[in-house]
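Below you'll find only one chain, the form predicted alone, shown as structure tokens.
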């Protein structure tokens, strides 16, 4: 078992080095020094308290989304609709805040109710993808993509229609909410301690759910072979729908945090691409919750640190996306190589 873990670590290390080498090669062709680029990324992510806080601002919703995706991936479900579920969480949160902000309720209760509405919105959108798959025969990938487009269109319609700013609609989003309806933030920073609490609690709960409960064992059985699990008495479609709902729960919470702790309004790209980024993180950790937090932190640091590239080296910040994508690709390739090696030497 110990040798198996070391082999797995070595193959993962090779994947990381290959991704780094490939990205460095791209930089060389672009006429930029790779070492300087990586130094700038590190400095942009961890060079100051404000930069570090911005990394955590990205890390927490990404961790929430990854936590949910680990549940659906365990059940063998590709929940590509995660982006739409974040968006619906943000829409429901915004709707609740708009409805209750003029009420006599205390601000903390309004925020709580709004976040619960966001969780409900994300779960509802996820269950719709599950229902399309279970009763409509629509693959969850295609159903999820379709629901993503609907969520984006709904966001734009609300921003430029019923919820537009006084006078005219704006791509900057809806009218900001008063600071009494913001989650508390650290002085001088964009970071809310509540985001950290929610993110840490989510990954811990998912880790315990998947590794120490009967429900987690059933999800793994469904993910391995849904027909065999059904024949063994596992209610497969019910568990699949529940997996979707739980994933949507965490995605909706991420959307609620985007409204109450980050942007304080609904904006067109409220999901910030965290859904697709969470898919990469979940694949990179091979669906193991134990590694989700550090890998999500690495991805968040790349996102924030890469902002320095166009400023200091005249490189586009999307280079961090190249490194992230290559890292997942090489991990998948090396995982296949590792399995073949184990078959030959096992």
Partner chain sequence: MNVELRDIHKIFAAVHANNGINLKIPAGVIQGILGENGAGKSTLMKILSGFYQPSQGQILLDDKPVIIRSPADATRQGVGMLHQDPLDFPSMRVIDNFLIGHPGELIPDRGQAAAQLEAIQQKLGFSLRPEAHVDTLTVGERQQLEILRLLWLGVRVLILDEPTTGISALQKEKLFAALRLLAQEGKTIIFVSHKLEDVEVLCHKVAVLRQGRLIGEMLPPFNITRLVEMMFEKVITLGNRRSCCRGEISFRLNALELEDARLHIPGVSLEVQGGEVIGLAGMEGSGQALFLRACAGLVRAVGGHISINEHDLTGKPYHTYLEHGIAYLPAARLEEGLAPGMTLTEHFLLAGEARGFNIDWEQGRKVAQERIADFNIRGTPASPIEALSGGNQQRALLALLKHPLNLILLEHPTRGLDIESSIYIWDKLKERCAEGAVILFISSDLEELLQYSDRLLVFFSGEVSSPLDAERTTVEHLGQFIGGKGWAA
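Because the structure is a prediction, the values reported are computed rather than measured. Positions refer to the first chain, counted from 1.
Although not depicted, the form predicted in complex with the partner chain is the subject of the following passage.
Tell me the stretch among 194-202, 221-229, 92-100, 263-271 that has any heavy atom within 4.5 angstroms of the partner chain in the model of the complex.
Among the listed stretches, the partner-contacting one is 221-229.
The partner chain contact at residue 217 in the model of the complex, heavy atom, 4.5 Å
Result yes; residue 217 sits at the interface with the partner chain in the model of the complex.
The partner chain contact at residue 113 in the model of the complex, heavy atom, 4.5 Å:
Residue 113: no, not in contact with the partner chain in the model of the complex.
Closest heavy atom of residue 212 to the partner chain in the model of the complex, within 4.5 Å or not?
Although the partner chain is absent here, residue 212 would touch it in the model of the complex, with heavy atoms inside 4.5 Å.
Residue-level question: is residue 245 within 4.5 Å of the partner chain in the model of the complex, judged on heavy atoms?
Although the partner chain is absent here, residue 245 would stay clear of it in the model of the complex, with no heavy atoms inside 4.5 Å.
Could you tell me which one of 234, 189, 131, 124 places a heavy atom within 4.5 Å of the partner chain in the model of the complex?
By the 4.5 Å criterion, the partner-contacting residue is 234.
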